[in-house]
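Same chain, two forms, each on its own as structure tokens: structure 1, then structure 2.
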Structure 1
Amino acid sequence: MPEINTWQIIKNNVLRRLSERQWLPGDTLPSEMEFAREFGCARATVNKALNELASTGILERKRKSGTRVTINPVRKATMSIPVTRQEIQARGCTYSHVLIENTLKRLPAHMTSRFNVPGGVKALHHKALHLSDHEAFLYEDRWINTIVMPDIQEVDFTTISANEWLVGHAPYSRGELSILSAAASADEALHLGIDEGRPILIVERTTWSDTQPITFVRLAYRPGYRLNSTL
């Protein structure tokens, strides 16, 4: 428990007292002024420490009513979703990727509703396979809105993955993420080199720039893959 700063000392102290059940779920903690006196510091310092704890969902803070221990804490896990190349290289493996498809075509029905655009609009359909030590790791099936990203049709995706290009060229303002389990489709099974119907982890992500959809991607991970996080 490294305690270098005053606000971290306060944070850790409060955490310890919570684990020792000095304050139970629903209880009100002392006010910022009281903590400031206890620790001999400014109120702003206490404010930072308590807000830090509130951001993890352990405490709830409201003006006038004070700081309370959350009764049914919504546990918040921060999942880090790195660029695939980095994720693979971080494990000490060799990264490579193969472009499978990159064509302009009419959006299918399930995509027009997702992109909230009229039917008949064309978009870039992009499929690629990411490999770890030359073995299939992740199959990517992506639609890119060419109205928002016209430059993308000139990009050579055999040298850089769409994943990385978009990260560098399409700053998003908003995104939605969905994690599910599915039976591998024929397409996914073929490219991942597994049997159709095998359970695989799917991550679907839509990103928006203001009100314009930029891209929708469905990531199919090879069997055995886990998304890990600490609480």
Structure 2
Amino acid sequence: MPEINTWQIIKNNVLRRLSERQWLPGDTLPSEMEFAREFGCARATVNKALNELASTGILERKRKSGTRVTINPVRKATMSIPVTRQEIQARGCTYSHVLIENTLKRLPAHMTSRFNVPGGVKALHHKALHLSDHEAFLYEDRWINTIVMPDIQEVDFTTISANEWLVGHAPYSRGELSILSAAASADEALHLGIDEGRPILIVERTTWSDTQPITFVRLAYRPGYRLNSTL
């Protein structure tokens, strides 16, 4: 069996033993060296397999304490930032977007608090409407930290959306995500073509590079949107 696949074999073997309850919650697993001898591979290969399982919350790994079965496993969900153009095209629809605003201005009080920066700081305020088959799909209201992303002021957002440009050019170290149902504001209702106050799905997301905020965005989806993810 090629070495490149050995870590997957170990991972599947451990999962099988767990399902058969050979190890119970709180039990300590064999050491990396013992697994390496059993499967005839390097310890680094075992380490990769066990780390993969630990990343899902099934196992706990501590230096000098070894690996044990998690007593109360917490399943971790991961979400990537979608590119709206790709999301719409994947539905078999035609994508387009309209730039509404792209202005450098002082951050309002609620944004200085969110970004943890002093008052008077300026950022790029970006608004755009994303369309699916020429109908409103998503209204984007975004603030971008130009200190972290100075080149963004030179981007032509009539040819590429801020969403797509940032996904490709702004790697982030952490993020905060909120998903809520809220009444459409006057601004959101105007651009989505719905009545003000109508309940809609809102996604709010802040991304950070170490301690520096990159961007905050509020995404307002037209009624009927379904948000899908994997666990």
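Basically, rigid core = biggest C-alpha set you can superpose within 1.5 Å across the two forms. Bear in mind that the values here come from a model prediction, so they are computed numbers and not experimental data. Reference numbering: structure 1, starting with residue 1.
Enquirer: Just checking, which of these two is the form predicted alone?
Expert: The chain shown as structure 2 is the form predicted alone.
Enquirer: Verify the C-alpha shift of Pro223 between structures 1 and 2: is it 2 Å or more after superposing the core?
Expert: Comparing the forms between structures 1 and 2, which are aligned on their rigid core, Pro223 does not shift its C-alpha by 2 Å or more.
Enquirer: Aligned on the rigid core, do the two forms place the Cα of Glu196 2 Å or more apart, comparing between structures 1 and 2?
Expert: The answer is no, as the C-alpha of Glu196 shifts between structures 1 and 2 by less than 2 Å after core alignment.
Enquirer: Is Trp208 one of the residues whose C-alpha moves 2 Å or more between structures 1 and 2 after the core fit?
Expert: No; Trp208 is a residue whose C-alpha shifts by less than 2 Å between structures 1 and 2 when the cores are overlaid.
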